[in-house]
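First, one chain by itself: the form predicted alone, in structure tokens.
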Amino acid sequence: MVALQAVSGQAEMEAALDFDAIVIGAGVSGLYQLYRLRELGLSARVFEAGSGVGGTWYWNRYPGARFDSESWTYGYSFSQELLDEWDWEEHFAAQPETERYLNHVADKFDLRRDIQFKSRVAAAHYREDTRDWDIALEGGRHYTARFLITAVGVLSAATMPTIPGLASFQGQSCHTHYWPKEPVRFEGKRVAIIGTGATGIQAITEIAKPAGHLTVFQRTPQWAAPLHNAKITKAEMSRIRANYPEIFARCQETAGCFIHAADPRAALDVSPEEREAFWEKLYGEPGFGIWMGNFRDILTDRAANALISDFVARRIRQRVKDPAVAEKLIPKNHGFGTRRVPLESGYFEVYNQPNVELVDIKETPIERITPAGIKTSEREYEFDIIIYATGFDAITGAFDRIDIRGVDGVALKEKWRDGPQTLLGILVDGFPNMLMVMGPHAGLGNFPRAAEYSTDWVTRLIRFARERGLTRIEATTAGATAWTEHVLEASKGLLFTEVDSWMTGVNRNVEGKEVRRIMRYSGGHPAFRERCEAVAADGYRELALA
């Protein structure tokens, strides 16, 4: 009788909820998570702030936007039918093609009926008495669910610079993340772009072509390498399709889930001639080979890193005609590869154009935005358009913008004030039934490859709980502490930890994000999966389950 009453009580609690699971975000990971939840037979709703699917590829429609993973490694691998019917147009697809692909996926699997668009989540509070989440949208509507799954992305919380007078500019302006859907015309226009990170590099290369005059305001130059993109012929696509099993197996083997793996040799173990020839080869090949497929020690050994940095600096000097401009484009405060390397298609040659000017704002800082343009310490510029390519509050930023509260009303933002603490980048102690797809301290890399694994792991855990009638899943404090310590340990000896970047959580436009913190797992994705599989194989005994 007691057992029957318990089952009956649980069923009543489930019936009182709006959904079994709520997912935040309809990007690459959110779409796949919805697909997997449906396979479990769960009622699910995805809340998406935009008016369409795609996440990153819905929002970032600025000129030149494209990904740096090979297209045929970026698509989903879960459906053979999907692999058989989709032809990629380019080796590195541009935003419009990727958005079309994700819309095709949403239509093929009828995902839209469980997605609520133009619905930005403002708050999510855990309710201890009923073991569920109360989710509030901007506008005030509330929904409840047993499981809260965050698929908010790694680079989705755009940040504007803290420059006085931003609202005073009377021309057209926008952040690259919020690029308008209607075309922006640059012909004959005086255009400014602030920022030369990965987004800035892509946008500058394209906008410089039609702009009447383009002024680039650079704070920190980046080590960028050629993308070497090309169209995919029908014959090539047929070969790619036939090799999908080997392609995805290769991605499983490498640290970053790309097709590129580090060379087993050390840079200092080969002759200067051999080293130079190897780097020339990598510089001339498509994709991330020069970063992910380089000598094994360039990201750990200062001498090796200095050599590759010098090699790339020499290439910049060769490509930029004005020696003074070339020197401004060569980073002096970090070595090659210690930040995520932007891949470019003629970026450095842009500065050879007569309609392009580079302004180093470390030499002449921006003082304010004016109604007519931008005032630096040296002069005032007049512009028709100002573009802010000023990046993101990465990895934890999207979480910080939602009022997420766990047991006893503890705010996630406060819990992570000194850096994220997670178990496997998926669970947080004190926040039961909240599961993060690609959360802080997860194994990152080629995003869809990593996101598919994370989603599958989350799905297996939910299945485990449902089959056993469990209604409370949580990381233990000991488990979260141990994983966080392991993440920190795995980063030791890596040169990137000494550099300010989004990968170390630094964003000087965001209060409290001025100090470096380890935001991702650096032990490689095979090691990450091995640890995750060990937790699952042990019956999730490292979790608190009830």
Ligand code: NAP
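The structure presented is a predicted model; accordingly, all values stated were derived computationally and were not measured. All residue numbers are counted from 1 along the displayed sequence.
There is also a form predicted in complex with the named molecule; it is not shown, and the following applies to it.
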Query raised in the report: Among Leu470, Ile402, Ile361, Ile330, which has any heavy atom within 4.5 Å of the named molecule in the predicted bound form?
Result: Ile361
Query raised in the report: Looking at Phe392, Trp133, Tyr347, Trp72, which has any heavy atom no more than 4.5 Å from the named molecule in the predicted bound form?
Result: Phe392
**Report entry** Thr376, heavy atom within 4.5 angstroms of the named molecule in the predicted bound form
**Finding:** no
Requested in this report: Using the partner position in the predicted bound form, report whether Glu48 sits within 4.5 Å of the named molecule, counting heavy atoms only.
Outcome: no
Query raised in the report: Heavy atom to heavy atom, is Gly195 within 4.5 Å of the named molecule in the predicted bound form?
Result: yes
Query - 4.5 angstroms heavy atom contact with the named molecule in the predicted bound form for Arg517 - result: no
Requested in this report: Specify the contacting stretch among 408 to 416, 431 to 439, 334 to 342, 456 to 464, defined as having any heavy atom within 4.5 Å of the named molecule in the predicted bound form.
Outcome: 334 to 342
Query raised in the report: Since the partner is left out here, which residues of 52 to 71 would have a heavy atom within 4.5 Å of the named molecule in the predicted bound form?
Result: Tyr62, Arg66, Phe67, Asp68
